[in-house]
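This document starts with one chain, in the form predicted on its own, laid out as structure tokens.
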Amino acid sequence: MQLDFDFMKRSLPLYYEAMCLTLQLAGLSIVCSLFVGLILSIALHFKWKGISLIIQAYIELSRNTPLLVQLYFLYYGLPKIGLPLSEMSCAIIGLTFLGGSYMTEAFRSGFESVGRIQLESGLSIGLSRAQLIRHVILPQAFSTSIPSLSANAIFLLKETSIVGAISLMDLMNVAKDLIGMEYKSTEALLLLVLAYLILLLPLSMGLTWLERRIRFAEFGR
């Protein structure tokens, strides 16, 4: 079967715009998820009173409900109680809600890898809890958590393919529209695969490089 390269060329601007949207969504969601995950994992590690149970409930809710359901709740449910949100806001909140729980678990495993004797030694030399987190716990926890954090970042970028369900023109939605209007399934899907490869391969390679650099720096100490 011969590909329609003229159609593919005409479709490139649409895919480019969708890629920019996907990058924006993924970038903001990953950064917000890392922030949420870090704060919640610190709260769990130090067993802040009254908060740990709430965090655990959030993690279970987030990880055991589909992202599509979460997006529908944000986009269609909240306006019913007077809290309308834009499509972009719903997508970022939904992806952060999902990603934050995974990042929390990744950071928590890193925190648990830090030996208790190091914490006790830090406290014994007069370090405050904030100094202990910054200078002792975080560097080691981050290093240990890098593989999981990287996998979660890639996971979130791929999960942006769901946001078309709330009318955002992401890559998946562009491909579906082109197939519906032009009946060029092979060409549209080929461009879709190439677009995701262009986004995911550099991210995957960059995170792998970062992980190796951190491991090498630790080994060289």
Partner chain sequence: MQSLGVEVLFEGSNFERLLGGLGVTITIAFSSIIFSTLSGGIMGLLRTSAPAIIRLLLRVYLEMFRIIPILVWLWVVHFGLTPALQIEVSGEFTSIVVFSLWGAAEVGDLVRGALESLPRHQVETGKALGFSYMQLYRYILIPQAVRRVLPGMINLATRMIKTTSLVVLIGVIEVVKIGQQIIEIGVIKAPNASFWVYGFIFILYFIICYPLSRLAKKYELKWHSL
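Residue numbers count along the first chain shown, from 1. Just so we're clear, the structure is a prediction, and the values are computed from it rather than from any experiment.
FYI, the form predicted in complex with the partner chain isn't displayed, but the following is about it.
Candidate site formed by 61, 76 and 197: every one of these residues places a non-hydrogen atom within 4.5 angstroms of the partner chain in the predicted complex. For the candidate set 201, 20, 210, 12, a heavy atom within 4.5 Å of the partner chain in the predicted complex is found for exactly one residue, namely 201. This chain is displayed alone, yet in the predicted complex one of 192, 42, 36, 169 has a heavy atom within 4.5 Å of the partner chain; that residue is 192. Shown alone here, residue 66 lies within 4.5 Å of the partner chain in the predicted complex, counting heavy atoms only. None of the heavy atoms of residue 111 is located within 4.5 Å of the partner chain in the predicted complex.
Proximity of residue 142 to the partner chain in the predicted complex: non-hydrogen atoms within 4.5 Å are absent; the residue sits far from the partner. In the predicted complex, no heavy atom of residue 55 sits within 4.5 Å of the partner chain.
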